[in-house]
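One chain comes next, on its own, written out as structure tokens in the form predicted alone.
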Amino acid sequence: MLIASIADQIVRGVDAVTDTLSAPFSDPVIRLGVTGLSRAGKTVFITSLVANLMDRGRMPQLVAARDGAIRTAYLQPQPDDTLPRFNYETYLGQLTAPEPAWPEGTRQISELRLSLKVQPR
């Protein structure tokens, strides 16, 4: 029991040191999930949100965008290849076409990775 306790404390200490050393070199991650009833507009909401974050001039009410705290926003490769990618470009194309069309609803879980570079205060 004593050896197990000492080994456990060593592992915790190594984990703490590793976390402390790697923290400045890793980006914080925020995961958002959008849920709602069928045909509630989740696909359009996500497409619109991503498009507006990537073109912040269209979001003057978002304080971080207005004040220049969001320096840039860009799409990244998927972190998990087992989940399908949210088809952002197709949906955006449908919504912004010369003859706009409401995109088909998303039928399964999908994901999209958007990275933001921000200017800390």
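For every residue, the number given is its place in the sequence shown, counted from 1. Since the model is a prediction, treat every value here as computed from it, not as a measurement.
A second form of this protein, the form predicted in complex with a small molecule, is not displayed here; the remarks below concern that form.
Sole residue of 66, 58, 85, 42 within 4.5 Å of the small molecule in the model of the complex, by heavy atom
Of 66, 58, 85, 42, the residue with a heavy atom within 4.5 Å of the small molecule in the model of the complex is 42.
Should residue 38 be classed as touching the small molecule in the model of the complex when contacts are defined as heavy atoms within 4.5 Å?
So residue 38 counts as contacting the small molecule.
Hey, in the model of the complex, is residue 110 touching the small molecule, heavy atoms inside 4.5 Å?
No - in the model of the complex, heavy atoms of residue 110 and the small molecule never come within 4.5 Å of each other.
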